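Only one chain is given next, in C-alpha cells, and it is the form predicted on its own.
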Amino acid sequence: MISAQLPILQVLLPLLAAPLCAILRGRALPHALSVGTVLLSLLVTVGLLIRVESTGTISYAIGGWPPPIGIEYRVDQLSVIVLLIIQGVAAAVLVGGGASIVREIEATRAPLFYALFLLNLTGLTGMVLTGDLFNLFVFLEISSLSTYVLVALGTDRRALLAAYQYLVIGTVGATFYVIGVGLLYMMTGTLNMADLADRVAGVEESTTIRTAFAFMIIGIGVKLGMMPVHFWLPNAYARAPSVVSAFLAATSTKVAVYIMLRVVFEIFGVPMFLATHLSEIIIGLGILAMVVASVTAIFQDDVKRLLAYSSLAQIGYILFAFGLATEPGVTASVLHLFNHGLMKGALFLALAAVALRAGRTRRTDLDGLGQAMPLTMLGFTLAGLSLIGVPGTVGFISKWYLLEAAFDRDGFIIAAIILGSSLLAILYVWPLVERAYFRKRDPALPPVEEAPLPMLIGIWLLVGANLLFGVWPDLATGLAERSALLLLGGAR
C-alpha cells in the first residue's frame, strides 16, 4: 500500500531526482524535473499530515530491520510541521524562482544548481524523519555540503568567501555534534533516539553523558546560528543566489532548531537540561540575539543582509521560548519556527524579484517600487508586517504565544524585551516600505517592471499562508501544542 511507504518516499523522491538533474542539459528539463519533484514531495507531506492526525506517530523500519537494530524513520506532529515548511517553501521557491535562477545562475551550471538544491532538500528532509543519531549526521552532511556550493554560486565574488567561512564554521559544528554522538554511543551502545532516551536515564549523572550533551548543543547551535557562533549566517544569506537565500532562510535554521528540540527533550530530558543550567544560558543567548541582531539590522544598507540579521533576532525568540522548557514555551518555540519560515520565505522571495528587476537589493533600489512593482511590494509589505507582529498575520500569533510563555514564568521583564524587539523590527521594516511607496525612483536608473507571473505566484502563496494562518491559526497552533506535549511528555 503506497500510504505505508510515504516516509521513505519523502526522502527518495529528491534523492533520486538530484543525479538525473545533474546529467540533463540546458535549463528547461532540470527545472521541470525539480518543480515536479518538489510538488510531488509536498503532496507526500500532506499525506503524512493526514496519516499522523488520524493514526498518530508513524514508525517506518528501513529494510525491514526493526529498531533499535535497524534505522527507523519516525513521523509525528513535530516532524510534520517542519516538513510542511521545508516542502512548502521549496515548492514556492522553485515554482516562482525560475526567472531569478536564469539571471543569477549560468546556463552551464543550471543542472548542477538543481541537483544541489534537491540534495539540500534531501538532507533537510532526512534530518527531520530519521530516528537515528548517526543517520541524522549523514543527512546533516548532505545538506551542509550542498549548501556550501549553493552559496558559492552567488553572482558576487564575495559569495566564495561566504561559502568558505560557512564551510569552516559548519565543519566545526558538525565535528562537535559527531563527537557528542560518539560519547553517547560509548556509554549506551545504541544510536536510536527512542532507545537512547531509555538508556541515558540510567547513566545521566555520568560526566561522559554530560560532556556529550554539551558537545551536541554547541554543534547544533552552530548550525542554527545561535549567538555567539552566528557569524556565518549574514554573509551566507546575503551572498547566495536569491532563491537559495529564500530557501535557506526559511528552512535551514528551523531544521537545526528541530534537532535541538529532539536531542534536549527526547534524549536527555528536562531535568538534565535544567540541572546543567543550559536552560538559563540558552534563554540569555536568545534574549541577546533578539536585541543585538535587531539593532544591527537597523543599520544595514543591503536588504538581504538586513533580513539575515532579522533572522538571527527571530532565532533568538525561538531559543528563548525553547529555553523555558515549559509547555507554553515549547509550544511558542515550535509555532514560531513554523511561522517564521513563512515570513522569511515570502520576504526573501519578494527580494529576489527586486534583484531580478532592479539588479540589486540596496535600500535605495526599493525607491518607487511600490508603483513600478505593486504586487511584489504589497507582498513584501504584508510579510514585513507579519515580521513585526501586526494582528491578522502569523507574526501576531507567534508574539502572542511568546508573551504567554513569558508570563507563564512570571517573566514580565522578558515580555517587555519581546515587545521592545518587535518595536525594533518596525525601525528596520517600515523605512523599506516608506522607500517603496513614498519615494521616487532615480530617473537616471533604468525603468523596472513587475515580477514575472510565476514569481508572483510563489510570493503570494507564501504571503497568503502568512495571512491564512494568521486568521485561522488552528492547524499550526494545534500541531505546535501537540508537539510540545509529545516532547515534554516523553521527557523525564
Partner chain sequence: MHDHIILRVITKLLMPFIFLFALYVQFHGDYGPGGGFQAGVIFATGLILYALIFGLRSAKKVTPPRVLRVQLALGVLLYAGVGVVGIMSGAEYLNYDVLAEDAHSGQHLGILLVELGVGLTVSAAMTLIFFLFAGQEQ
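As the structure is a prediction and not an experimental result, all values here were calculated from the model. Residue numbers count along the first chain shown, from 1.
This protein has a second form, the form predicted together with the partner chain, left out of what is shown; the following refers to that one.
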When the contact criterion is heavy atoms within 4.5 Å, does Val471 count as touching the partner chain in the predicted bound form? no
Does Tyr60 reach the partner chain in the predicted bound form, with heavy atoms at most 4.5 Å apart? yes
At 4.5 Å between heavy atoms, is Pro19 in contact with the partner chain in the predicted bound form? yes
My question is simply whether Pro446 lines the interface with the partner chain in the predicted bound form - judged by any non-hydrogen atom within 4.5 Å. no
Please tell me whether the candidate spot formed by Gln5, Ile8 and Arg25 is one where all three residues come within 4.5 Å of the partner chain in the predicted bound form (heavy atoms). yes
With the partner removed from view, which of 62-70, 423-431, 30-38, 48-56 is the stretch that lies within 4.5 Å of the partner chain in the predicted bound form, judged by heavy atom distances? 62-70
Which residues within 200-234 place at least one heavy atom within 4.5 Å of the partner chain in the predicted bound form? none
